[in-house]
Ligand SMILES: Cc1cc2nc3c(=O)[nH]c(=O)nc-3n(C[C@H](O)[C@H](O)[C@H](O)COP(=O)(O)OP(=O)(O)OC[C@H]3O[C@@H](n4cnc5c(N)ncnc54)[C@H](O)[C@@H]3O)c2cc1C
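In the form predicted alone, a lone chain appears below as structure tokens.
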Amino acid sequence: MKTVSRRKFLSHTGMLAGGIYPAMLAMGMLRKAPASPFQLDGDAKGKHVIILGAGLAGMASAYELMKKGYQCTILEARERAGGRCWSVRKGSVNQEMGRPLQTAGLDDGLYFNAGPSRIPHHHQLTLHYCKELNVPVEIYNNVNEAAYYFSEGKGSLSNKKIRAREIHNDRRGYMSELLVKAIDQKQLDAAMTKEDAQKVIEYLRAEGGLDIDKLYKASARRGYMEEPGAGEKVGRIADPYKLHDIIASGLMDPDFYNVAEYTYELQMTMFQARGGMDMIAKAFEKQVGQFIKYHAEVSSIKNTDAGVSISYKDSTGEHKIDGDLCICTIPLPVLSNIDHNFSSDVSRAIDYVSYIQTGKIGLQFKRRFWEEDEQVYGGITHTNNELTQIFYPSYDYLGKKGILIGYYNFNDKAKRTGELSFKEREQLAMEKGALIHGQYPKEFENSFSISWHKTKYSLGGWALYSAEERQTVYKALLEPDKQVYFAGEHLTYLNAWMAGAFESARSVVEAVHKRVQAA
């Protein structure tokens, strides 16, 4: 049997991590997300299922149930379907608690995803529904070495925009150099032969770009001060930043960990729905929209001896609807304020689970200066200030105008930002963003912001659990409360992802159908 040397294995592994995997996926050398329609035996037996919420979990549940002949009624408090799967466009509206109604003044054809914006290549069910419902997808550029790091502080590299590739390669180089020195000096407490140590050193030299003396020096991988070109134009490489300066400037702090390359859900290849993520919601709405009652705000959920009784109000007044079973996809912070007769364990879980505070702002500009002036095509700039992240659009490259997500922040930063008025949020995004892109003031046209934790009918971005809560309150919601089942990303280990909504919907639909067949 042919063997592969450790050096070759390390080399090949490094190549896979760096770029061969996406190419193999594109060429069909790796298995794509399978198209796997839900297979359920038996019929609906005339049952009526009331679904609370026309987000992805609610619509996916209805879509699968209706294939088997179930009568479904979907109650949605908003004027639109999709829930947090929402792309902001011209005329989009949003209502935050204690704020006036906000209407987007974006140009026709421009949009930004206020909720989910990425689909990991391994979220097979999400990609399956895109395929089944004819939603085209395109590559989403999540990792871009040409984007920036910006650290406010007192270090020599602070308050400067620095290309991600420069910091990535300098950090990698210095870490490799330190490890090589430790191996050379036999300071690693590990069982390693001399031959193995030499092979690891050779790998680290390649990984870190070390010179013949095993020292880190700048190389072309971190970019050029002057680009190479024709004739005698060989290009000029800048000196690396000093390790001390990188550390002192906060560029090795958690704000700048290279999460996007290593986190499973953020690894390339990633996708997005062409034309906006709401195209996925619209595709489901096309299938089940005739059964959705919009502007239907649920006020009461009651289990009865015969089934369930749901009260809701709309512009015409109070209404009540009865059904055999109910699937509730209402976000838990919202559900906590709705009258119900659930068990004490379920009621306690609903009240206990917290959701992340998070917000985004879309900034429309007259021209795509990040592309024209700075060659940034997609990807994310990371900061340690209130912005946290700036997202560059992965669509309409080389177009005339464009929208940046001017901040995408979380927790305390999102809380502080959410307390600002819409105008103050815009001013914050403009002020901090201009430190990175000086073109902001001249090119800016308008903005639209959303704080999900302040948005009516959401009251948060996604559910958060500790390990202990997964064993207590989480499990309490996995089981039905008599005739009421619970579904949504908050009932999976895929919190924040559309895949969580879809996986939960299928799990609950299967449980509902099994119950009906057994009756």
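One-based numbering along the sequence shown. Small disclaimer: the values here were computed from a predicted structure and weren't measured.
Omitted here: the form predicted together with the named molecule. The next part is about that form.
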Discussion item. Even though the partner isn't displayed, in the predicted complex is Glu76 close enough to the named molecule, meaning a heavy atom within 4.5 Å?
Written reply: yes
| message | So in the predicted complex, is the named molecule close enough to Thr358 to count as touching (4.5 Å, heavy atoms)? | response | yes
Close approach of Thr329 to the named molecule in the predicted complex, 4.5 Å, heavy atom: yes
Please tell me whether any heavy atom belonging to Arg84 falls inside 4.5 Å of a heavy atom of the named molecule, as the geometry stands in the predicted complex. yes
Which of 490-498, 467-475, 42-50, 65-73 lies within 4.5 Å of the named molecule in the predicted complex, heavy atoms considered? The stretch 490-498
Assert contact residue (the named molecule, in the predicted complex, non-hydrogen atom within 4.5 Å, options Ala114, Ala349, Leu325, Ala414) equals Ala114
None of Glu374, Glu443, Asp255, Glu297 but one has a heavy atom within 4.5 Å of the named molecule in the predicted complex; the exception is Glu297
Q) Taking Arg118, Tyr457 and Trp462 as a possible spot, do all three reach the named molecule in the predicted complex with a heavy atom inside 4.5 Å? A) yes
Of the residues spanning 44-75, the ones with some heavy atom within 4.5 Å of the named molecule in the predicted complex are Gly53, Ala54, Gly55, Leu56, Ala57, Gly58, Leu75
